[in-house]
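Listed next as structure tokens is one chain, alone, in the form predicted on its own.
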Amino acid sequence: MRPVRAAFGSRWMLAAAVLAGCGRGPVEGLIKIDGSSTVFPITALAAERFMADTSDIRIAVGISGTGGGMAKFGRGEIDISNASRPIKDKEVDKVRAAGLDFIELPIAYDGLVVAVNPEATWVDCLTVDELKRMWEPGSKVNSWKDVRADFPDRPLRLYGAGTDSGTYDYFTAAIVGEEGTSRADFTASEDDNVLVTGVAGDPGALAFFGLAYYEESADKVKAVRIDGGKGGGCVAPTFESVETGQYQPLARPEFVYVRKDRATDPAVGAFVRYYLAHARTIVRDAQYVPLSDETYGLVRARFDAQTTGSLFHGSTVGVKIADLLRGMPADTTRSAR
């Protein structure tokens, strides 16, 4: 489990807290949040710190995956949805069919790590094309030798995020070229522990999962450097390479989506503004990569203006969030709807 998630010790975090209302008295309410397991540690930490300063507000944070959270969001069951990818067009349609709307708020960056067993000494760097041949539908790559001629003739066993996960959607968009499309014969799990355990116990295994979790498991698995094919060579997944944009195409934005009709609720508004005002510290402490101060300013302005809709169309890869928030065209490598 991720470090922040472990601190709460359960699938749900529910608590009460005080809001000193700047002379207006306490704000009361229940805030319901669900969605991505990747974003959970950030939002849970924001809720914990907010609740340390406030009262008469209960915040429930659950984990049902990005797709599961979006389904609840579209039915009006939750106020905020955590998401490790942008909202899909079909999800937008469901939200609006229910008479609802949403405010999209990027909150952090994360990198996806491709990890192997430490005994896999033959592999240090893989190209995007090699990863595509491993993961694409109908792949005939069954051994490491099928990947590269000088690799050993050893069975290749793949592990990855579950197909309802935003992590799976982003990885397939970035590597295969089409969101939600891959070979089916891999071990899928929403639990990163399963992925790490699989790789740690099999010298022929390969998995992908988030950078923050890799940092907690670096003594068990080895990160593979990635050659994104744009002249940058092999780049290791680090907080620095994600923040500077060097680690492509496996660096991605993370989001929270706020229901427009709930954004004006005093409790929800107070929590979201607290979250964004302290986002840089919260994101770092949750072991993710923060956006720039300028970008957080643009995100706060988006919430204050109650700007609805998405800046994205599917898992856009290689995007610069500040450019999108300023209304500039995205510099992307691939996009999937």
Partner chain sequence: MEPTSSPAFNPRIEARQRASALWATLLLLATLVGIVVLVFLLVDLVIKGGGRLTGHFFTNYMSFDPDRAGIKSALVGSLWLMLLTTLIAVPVGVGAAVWLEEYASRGRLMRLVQLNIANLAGVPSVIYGILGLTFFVRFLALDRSLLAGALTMALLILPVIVIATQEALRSVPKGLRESAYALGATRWQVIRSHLLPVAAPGILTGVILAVSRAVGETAPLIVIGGFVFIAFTPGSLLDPFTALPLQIFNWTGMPQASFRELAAAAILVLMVLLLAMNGAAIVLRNRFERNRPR
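Residue numbers count along the first chain shown, from 1. This one's a predicted model, so the numbers in the text were calculated from it and none came from an experiment.
Unshown form predicted in complex with the partner chain; subsequent notes refer to it.
The candidate spot formed by 96, 268 and 293 lies out of contact with the partner chain in the model of the complex, as no residue has a heavy atom within 4.5 Å of it. Although the partner is absent here, residue 135 is not a contact residue: none of its heavy atoms lies within 4.5 angstroms of the partner chain in the model of the complex. Though the partner is left out of this view, residue 227 does not reach within 4.5 Å of the partner chain in the model of the complex, counting heavy atoms only. The partner chain is not drawn, but in the model of the complex it has no heavy atom within 4.5 Å of residue 301. By the criterion of a heavy atom within 4.5 Å, residue 308 is excluded from the residues contacting the partner chain in the model of the complex. With the partner removed from view, the residue among 44, 289, 272, 279 that has a non-hydrogen atom within 4.5 Å of the partner chain in the model of the complex turns out to be 44. Shown without its partner, this chain lists 261, 185, 77, 129 as candidates; in the model of the complex, only 77 has a non-hydrogen atom within 4.5 angstroms of the partner chain. The stretch in contact with the partner chain in the model of the complex, judged by heavy atoms within 4.5 Å, is 185 to 193, chosen from 185 to 193, 82 to 90, 149 to 157, 102 to 110. Shown without its partner, the chain has 212, 213, 216 in segment 209 to 228 as residues with a non-hydrogen atom within 4.5 angstroms of the partner chain in the model of the complex.
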